Each structure stands twice: as structure tokens, then as C-alpha cells.
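Next up: a single chain in C-alpha cells, the form predicted on its own.
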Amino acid sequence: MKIKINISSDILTKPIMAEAILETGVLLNISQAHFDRSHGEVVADVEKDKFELMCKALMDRGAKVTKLDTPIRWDENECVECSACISVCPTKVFALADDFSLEVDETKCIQCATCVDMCPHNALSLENNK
């Protein structure tokens, strides 16, 4: 399952993710990370049956953990198949079929919202982010 870990500036320099992994023995597969001086944000996969354990370990260290269980929403009626989403998606959620229609594989979505920002017709949306 995909999760988003938000790390505030007051704990940004602490190795909370490493500590949580060592404490729980639960591995995280990090698919996206963004850090600046104000906060950190990590999108990662964790085994579904280990989520509660990892969530508690991270929250005990001051992080906020959110389940990302709602993938990208594609409004086929609004989409003009301009392909803008294809070039910006880091996980290749979007592709063109042989007939040049847009194919969407929501299972690959890491909910980064890059495609939402790029779509000129607002055919893409995320419930949790935008």
C-alpha cells in the first residue's frame, strides 16, 4: 500500500525513517521524496499488514502518515487525449494505445499530482491532494 510521510521542519534533520525501519524491521520502498528547509514529504510502499506498525513508529517520532488509497481520477469525457500527462508522469501511469487513445494504469500512480497540474482540461484529479 502507498503511504505519504510528512516530516515537519523541527524533525527534518533527524533520521526518523531509518529509526522506524530498524525498530520495526518493516521495509519501505520509497518512490518519491521531496525535502526543503520547511518540510519533507516521502511517498513509499509498505506491506499492507505492516502499515499499522510502521505508522505508529513514524508517528511516535513526530511524522504524519497518510494512506494514499485513492489513485488518480481520469474524466474520460473531459480528456482530449493531448498526451501532456504522459511526458510528466514519473511512473508511466499513462500511455498511448495502438489507436492513439489514452490508456491509464491507476495501479502505478504514486499520487504526486504532476499530471493534475499539467492537464489543460482538468481531466485529472486526486481526492487527497488536489
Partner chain sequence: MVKKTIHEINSRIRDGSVSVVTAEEMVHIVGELGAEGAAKEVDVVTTGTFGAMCSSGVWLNFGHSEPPIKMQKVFLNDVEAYTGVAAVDAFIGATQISETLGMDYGGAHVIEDLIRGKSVNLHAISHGTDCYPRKVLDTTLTLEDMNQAIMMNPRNAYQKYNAATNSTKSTIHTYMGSLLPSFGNVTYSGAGVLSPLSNDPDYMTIGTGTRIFLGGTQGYITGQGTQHSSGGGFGTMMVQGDLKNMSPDYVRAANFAGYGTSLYLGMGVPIPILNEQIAQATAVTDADITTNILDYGVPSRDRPAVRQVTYAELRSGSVEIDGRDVPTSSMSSFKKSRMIASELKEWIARGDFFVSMPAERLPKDVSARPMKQTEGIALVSDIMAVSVVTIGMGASIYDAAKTIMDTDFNHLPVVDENECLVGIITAWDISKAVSQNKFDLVEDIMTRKVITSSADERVAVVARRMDQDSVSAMPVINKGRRVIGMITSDDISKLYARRS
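Positions refer to the first chain, counted from 1. For clarity, every value in this text was computed on a predicted model and none was experimentally measured.
Omitted here: the form predicted together with the partner chain. The next part is about that form.
Taking the partner from elsewhere, A33 is found to have every heavy atom lying beyond 4.5 Å of the partner chain in the predicted bound form.
Looking at S87, you'd find a heavy atom of it within 4.5 angstroms of the partner chain in the predicted bound form. The partner chain is not shown here, and in the predicted bound form it never comes within 4.5 Å of any heavy atom of L27. Looking at N122, you'd find a heavy atom of it within 4.5 angstroms of the partner chain in the predicted bound form. Residues from 63-77 that approach the partner chain in the predicted bound form with a non-hydrogen atom within 4.5 Å are limited to N77.
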